[in-house]
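There is one chain below, alone, in structure tokens, taken in the form predicted on its own.
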């Protein structure tokens, strides 16, 4: 297994140039700031000059005294003041302006990530700086057994395969898995010619009865005293939101102790890219074509996770592979909740084939969907209500996201305005539901440290009045 490290990520679109990060760094380090916000290439934009903790650091290569060295555990390039001869060759070797002279000390200074708790990230009021811990996840889980065999027949860059491998690696062998018709069994999870593609007990229910069969399995294991088994599904959006919704709704209403994971690629992708109930407005699919009279799907998507909160489930959450730390934390909570009642995790999954997006851009599409609020990350319990796990404040325009997706390339100005209004409406509703819940981490709050006002979007009547009062 290769090396992976946590890092400070910078999102230029959220930076307003306030300089709070630099001020805080200077105060914490007792000297010049180890990072700098500088004017960007675009007018009014900003960029970040900071040590990237490079995998093949040029500063280390040019240092004649061995004062710079990369730590194999943390990934941080450390500076040894006792060895440094103040030649400043490192400042010339760094292409990112990540190491510079501190005028007060008359020596070089660089970011050391504050031992994994960077002060600059906590000080950023807009969320432009973020501490990404995906490296820690990789180190913890990278060597764990993959519970799907190699060589499954997913499309190149399939995000759903990424989800199923991560989910089962996290959940582990102590589980029984249902994979109803769709991309997941289609790529070989239930196997071919009598050979299974999954290393845990797996079965192939109908589209219509997945949750019902899981309910029976859970009750059987309870009866024989095996209450430690995770009884779960990895199902597509069609089999969850449409064909199988009655079974899902019934299991949720009864409080069955199962974990239901919906992998939402916004359509019936395994059988020819037909529209489903979760296909968004304006999407091209084979059953909502684009032509002289029809311009993609004419209905808005069904918000399935929000519908599940109305069932008062033990746990409901949304997730995306664009933010793996959030996904892994929710997998933990979803598993724990499944031993107490119905637990539902909705993971959004771009499909390179059906969405007409390059496989190399899938994770970027995941992140942009969240950053634009097209997808919101939140969780709900029947005791604490709903809370955001990533703030919806300061989003990028939805048009920036949909322009990267081929199935939306036909959208006109009116359709784009409709999508933006519906996104704003959903966020406003979620903010009302989350009004009494804890705020997301400080790094993701609105400017000034408070919560930004909810956008009313196209809401009308009492709901708009309620938003205004809050």
Partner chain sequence: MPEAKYLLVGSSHAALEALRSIRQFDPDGAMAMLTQDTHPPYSPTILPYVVSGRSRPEAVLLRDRTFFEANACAFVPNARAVGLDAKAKTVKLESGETWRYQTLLIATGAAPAIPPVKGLDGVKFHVLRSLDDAKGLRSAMGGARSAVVLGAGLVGLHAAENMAEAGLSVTVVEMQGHVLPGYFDAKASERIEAAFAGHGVKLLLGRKVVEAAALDGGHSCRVMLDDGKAVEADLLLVATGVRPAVDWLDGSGVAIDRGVLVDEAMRTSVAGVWAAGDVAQAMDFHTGKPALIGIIPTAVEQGRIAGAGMADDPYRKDYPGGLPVNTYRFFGRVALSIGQATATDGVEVSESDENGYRRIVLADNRLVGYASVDQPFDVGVMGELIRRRVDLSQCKDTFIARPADTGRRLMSEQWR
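Since the structure is predicted, the reported quantities are computational estimates derived from the model, not experimental observations. Numbering follows the first chain given and starts at 1. Superpose the two forms; the largest set of C-alphas matching within 1.5 Å is the rigid core.
Keep in mind that the form predicted in complex with its partner chain is not shown, yet the notes after this line are about it.
Trainee: So which of 403 to 411, 24 to 32, 61 to 69, 418 to 426 is the stretch with heavy atoms within 4.5 Å of its partner chain in the model of the complex?
Mentor: So the stretch in question is 61 to 69.
Trainee: Report whether the minimum heavy atom distance between residue 84 and its partner chain in the model of the complex is within 4.5 Å.
Mentor: Contact check for residue 84: yes, within 4.5 Å of its partner chain in the model of the complex.
Trainee: Mark residue 43 yes when one of its heavy atoms lies within 4.5 Å of a heavy atom of its partner chain in the model of the complex, and no otherwise.
Mentor: Taking the distances in the model of the complex, the answer for residue 43 is no, it never comes within 4.5 Å of its partner chain.
Trainee: Given that its partner chain is not shown alongside this chain, does residue 310 nevertheless sit within 4.5 Å of it in the model of the complex, heavy atom to heavy atom?
Mentor: So residue 310 does not count as contacting its partner chain.
Trainee: Is residue 141 part of the interface with its partner chain in the model of the complex - any heavy atom within 4.5 Å?
Mentor: No.
Trainee: Quick check on this chain: which one of 88, 294, 384, 149 has a heavy atom within 4.5 Å of its partner chain in the model of the complex?
Mentor: The option sitting close enough to the partner is 88.
Trainee: Looking at 121, 94, 171, 366, which has any heavy atom no more than 4.5 Å from its partner chain in the model of the complex?
Mentor: Going through each option in turn, the one that passes is 94.
Trainee: In sequence order, which positions of 25 to 40 have a non-hydrogen atom within 4.5 Å of its partner chain in the model of the complex?
Mentor: The stretch touches the partner through 36, 38, 39, 40.
Trainee: Honestly, after the rigid core fit, is residue 413 moving at least 2 Å at Cα between this form and the one not shown?
Mentor: No: residue 413 shifts by under 2 Å between this form and the one not shown.
Trainee: My question is whether residue 43 is one of the residues whose C-alpha shifts by 2 Å or more between this form and the one not shown, given a fit on the rigid core.
Mentor: Result for residue 43: yes, a 2 Å-plus shift.
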